[in-house]
Ligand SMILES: Cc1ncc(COP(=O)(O)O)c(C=O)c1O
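First comes one chain, alone, set out as structure tokens in the form predicted alone.
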Amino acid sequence: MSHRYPESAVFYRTLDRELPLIVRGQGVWLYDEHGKDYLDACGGAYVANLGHGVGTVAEAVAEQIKKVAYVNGTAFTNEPVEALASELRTLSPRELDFAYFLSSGSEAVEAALKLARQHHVEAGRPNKHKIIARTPGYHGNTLLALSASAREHYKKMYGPWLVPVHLIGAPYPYRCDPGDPAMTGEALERAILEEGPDTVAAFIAEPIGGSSTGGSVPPAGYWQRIREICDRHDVLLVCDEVLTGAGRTGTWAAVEHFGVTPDIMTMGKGLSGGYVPLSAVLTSERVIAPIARGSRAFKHAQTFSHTPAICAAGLAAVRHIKAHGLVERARAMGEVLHAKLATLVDHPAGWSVGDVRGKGLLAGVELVADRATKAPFPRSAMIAERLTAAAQAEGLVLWSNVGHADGTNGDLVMVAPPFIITESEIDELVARLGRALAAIA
């Protein structure tokens, strides 16, 4: 086993290779200790949507810490949390007027599903406890969020600790026929009827696919049908916008593309631009009313919920996004990004590029062994991992995913740069990706 330094005491997720030491970031660029530049084409993990080096966010955090470092949300409120909640009320889909702040996307999903359960219990429906989710799909690494995910290679080790979740097919236009129940929403109807409508508490899904389906956009009418099914069976619709929210797809929340409002929405990642760990659960008066009338307390608490410093960062980030029109920029530059990524299909080394898809500054590039049949590479070839490594050697940071084609096989890389990326930087991104494709061909 190698380490970054012989004396390193850091326990990273990756244990089989040395990691470059990043010492500086500016805009869409990262720089390591040797001066090598890396185009951060996925914002780390879809996080750095403002780009690196936004001084106003750092200053907001510093000023808040000077005033007060920490107060607990069970005893006090604070200025940044109140202001941030008010800002989100103006940006989020209608009726999502209340925000509960946490530190990570997994925590937000965990809290959202617990909120759905408590809503039903306090509304007099204690039998409603089951969750329906989609495959491919991913919602986080805490145990309930992991239970609702479809990453079997993540879940295998912890299977005895996970709860049963009914998984239905996700809309995946590249691999699904238009009439497939996964594409029409019928799969949800069948699952609710199979489980028993009086037992199903919530359906959770990403409005536009994240890395699990490589930015797949559901067909017209899908989300309207999902909303109708949830309403008819009194199932809470939870939209996981941890990855797709905060402007990533060209609207503040990706679900806005479809004209539907969820009952609960989670946010994270880009909500603070990556300057601090921050996430949120957004919901409506209708959802919290039974709790307010009943126990009068959400049975969930974490030490750093609602704390001033993280909310100060989120407030500064959200105001920066608004002041600089970055959601609109993500939409406009997304069109440029998708047009230029599409040229990879005709690249001399692009023979393995089966599909380029997504919305706004969220794009997936799926790699296949045969374009005509869409047959994936065998998992043993580790194409996604090899391409990501080759890209990093070229100074390009990508995010990879595997297993989406059939649960085991399937390779794709995700592109999700900061919203401030320029057209010339997109050209450089595509050029470096082309060289990485050539390197593994």
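Predicted, not measured: the structure shown is a model, and the values here were computed from it. Throughout, we count residues from 1 along the sequence that is shown.
Below: the form predicted in complex with the named molecule, not depicted.
Distance criterion of 4.5 Å from any heavy atom to the named molecule in the predicted bound form singles out 140 from the list 364, 140, 354, 274. The listed set 312, 243, 112, 330 contains one residue whose heavy atoms approach the named molecule in the predicted bound form to within 4.5 Å, identified as 243. When contacts are judged by a 4.5 Å heavy atom cut-off, residue 307 does not count as touching the named molecule in the predicted bound form. At a distance threshold of 4.5 angstroms between non-hydrogen atoms, residue 215 is out of contact with the named molecule in the predicted bound form. Proximity of residue 248 to the named molecule in the predicted bound form falls outside the 4.5 Å heavy atom cutoff.
With a 4.5 Å cutoff on heavy atoms, residue 134 does not count as touching the named molecule in the predicted bound form; it lies far away. Residues placing heavy atoms within 4.5 Å of the named molecule in the predicted bound form fall in a single listed stretch, namely 235 to 243, out of 80 to 88, 235 to 243, 321 to 329, 118 to 126. Contact annotation for 68 to 104: a single residue, 104, has a non-hydrogen atom within 4.5 angstroms of the named molecule in the predicted bound form.
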